[in-house]
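Heads up, the chain below is alone and in the form predicted alone; it's given as structure tokens.
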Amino acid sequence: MIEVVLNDRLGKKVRVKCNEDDTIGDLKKLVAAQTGTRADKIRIQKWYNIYKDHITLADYEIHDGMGLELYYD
């Protein structure tokens, strides 16, 4: 289990516990459950790399305690 921190740049930080073999789509569902936003309206990125739903966290080399950017489309 790893913990990922997502910052939406509006003052809200979301901490989500997930597995490294989960996909970005699974992470979006967990974030949606905590924030009350629909999962299809969430975009997760780091700098200018927008993460695709079907790729796992391990493939993107997302580790425990890593911070990602959370945007609402």
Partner chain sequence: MANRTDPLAKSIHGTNPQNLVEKIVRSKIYQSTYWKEQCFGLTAETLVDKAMELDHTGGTYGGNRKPTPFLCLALKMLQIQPDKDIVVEFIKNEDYKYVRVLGAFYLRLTGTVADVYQYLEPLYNDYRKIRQKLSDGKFTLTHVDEFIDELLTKDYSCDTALPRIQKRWVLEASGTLEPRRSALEDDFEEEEEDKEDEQPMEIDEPNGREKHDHYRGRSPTRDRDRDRKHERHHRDRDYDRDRDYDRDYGRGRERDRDRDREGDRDRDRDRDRDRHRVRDDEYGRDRDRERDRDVRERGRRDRDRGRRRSRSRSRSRDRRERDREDGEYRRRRGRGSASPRGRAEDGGPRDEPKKRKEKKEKKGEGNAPDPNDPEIIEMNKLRASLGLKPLK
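Numbering follows the first chain given and starts at 1. Only a predicted model underlies this, so the values are computations on that prediction, with no experimental measurement involved.
Below, we refer to the form predicted in complex with the partner chain, which is not included among the displayed structures.
No member of the trio 8, 48 and 59 reaches the partner chain in the model of the complex with any non-hydrogen atom inside 4.5 Å. Using a 4.5 Å cutoff between non-hydrogen atoms, residue 12 does not count as a contact of the partner chain in the model of the complex.
The partner is not shown here, but in the model of the complex the stretch 24-61 reaches within 4.5 angstroms of the partner chain through a heavy atom at 26, 29, 30, 33, 34, 38, 40, 41, 43, 50.
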